[in-house]
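The form predicted alone is given below as one chain in structure tokens.
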Amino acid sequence: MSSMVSNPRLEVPTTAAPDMARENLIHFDAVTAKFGQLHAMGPTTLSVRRGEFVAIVGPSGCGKSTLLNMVAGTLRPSSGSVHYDGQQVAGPNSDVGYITQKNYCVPWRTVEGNVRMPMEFRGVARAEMDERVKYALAQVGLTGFERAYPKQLSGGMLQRVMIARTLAYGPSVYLMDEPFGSLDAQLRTRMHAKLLEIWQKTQATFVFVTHDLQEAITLADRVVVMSRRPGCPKLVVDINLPRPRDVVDIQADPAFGAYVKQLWHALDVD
């Protein structure tokens, strides 16, 4: 099995309070994004620690997805710089996995074939590939659907294929752009539980964009609130709720409601 399974990067945290001693893996240094005359984002300075789960919330058009694109290396800042693991991001970053709300499954390939794709591009040996695919599909509850085609799957199952495809090649960072936005409430809750389980097993770093405050609080170590365009961080909140978290029970914690009010107020004052 690959190192992502047998050698987790970090021990599973027992509390939600971020470890200040952890090194920064991602650092945005006064980055801005301008598209023609439109000043879309920044200047933004923000760090994400290795193994941390960070959620980013804010109004539409404030630059949340732009930050993910800069980490992935698909968009360069108009000014400032983005550093990943101590090196400036100057091109596509193959160390990250990117999951969006949109389904990018290839329709003519089976579930198994779709999950294999990133590893085929990287030249992973067949035996290791088989093992990783089996592991990843088991983690997202798709064992038995290996031979199914995308048109035979529900929206929630397709989203799980996307997660499995990323999980199979074991990135150090998961960039997630509203991945559950199109799912119904019940399925979204199930996916929250599965995502936290994956994070705890792999101890990868997660940067998760959402419009849903409850979702952000349920999942994250820290929540970053972005201002209106040009977006920049206006508030960063440590989510001091115990881990591991039951995604249903945690919402009954009085602190959960207090966090919702704090974040809502920060969004509402723009």
Partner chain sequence: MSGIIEIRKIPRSRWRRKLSSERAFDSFLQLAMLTGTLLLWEWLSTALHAEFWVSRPSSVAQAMLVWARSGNLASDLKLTLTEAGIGFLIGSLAGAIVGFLLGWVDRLGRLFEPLVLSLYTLPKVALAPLFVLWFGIGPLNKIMFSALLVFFMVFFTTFQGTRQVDRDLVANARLLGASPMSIWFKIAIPFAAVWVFTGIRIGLPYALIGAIVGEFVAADSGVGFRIKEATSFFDTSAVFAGLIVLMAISMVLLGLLKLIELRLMRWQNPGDIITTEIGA
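Since this is a predicted model, take the numbers as computed values, not measurements. Numbering follows the first chain given and starts at 1.
This protein has a second form, the form predicted in complex with the partner chain, left out of what is shown; the following refers to that one.
- Proximity to the partner chain in the predicted bound form, defined as a heavy atom within 4.5 Å, holds among 133, 124, 196, 96 only for 96.
- Taken together, the three residues 40, 80 and 83 all stay farther than 4.5 Å from the partner chain in the predicted bound form, as judged by their closest heavy atom.
- The shortest heavy atom separation between residue 128 and the partner chain in the predicted bound form exceeds 4.5 Å.
- For residue 106, a non-hydrogen atom is located within 4.5 Å of the partner chain in the predicted bound form, even though that partner is not displayed.
- At least one heavy atom of residue 118 is located within 4.5 Å of the partner chain in the predicted bound form.
- Put simply, residue 88 is far from the partner chain in the predicted bound form: not one heavy atom of it is within 4.5 Å.
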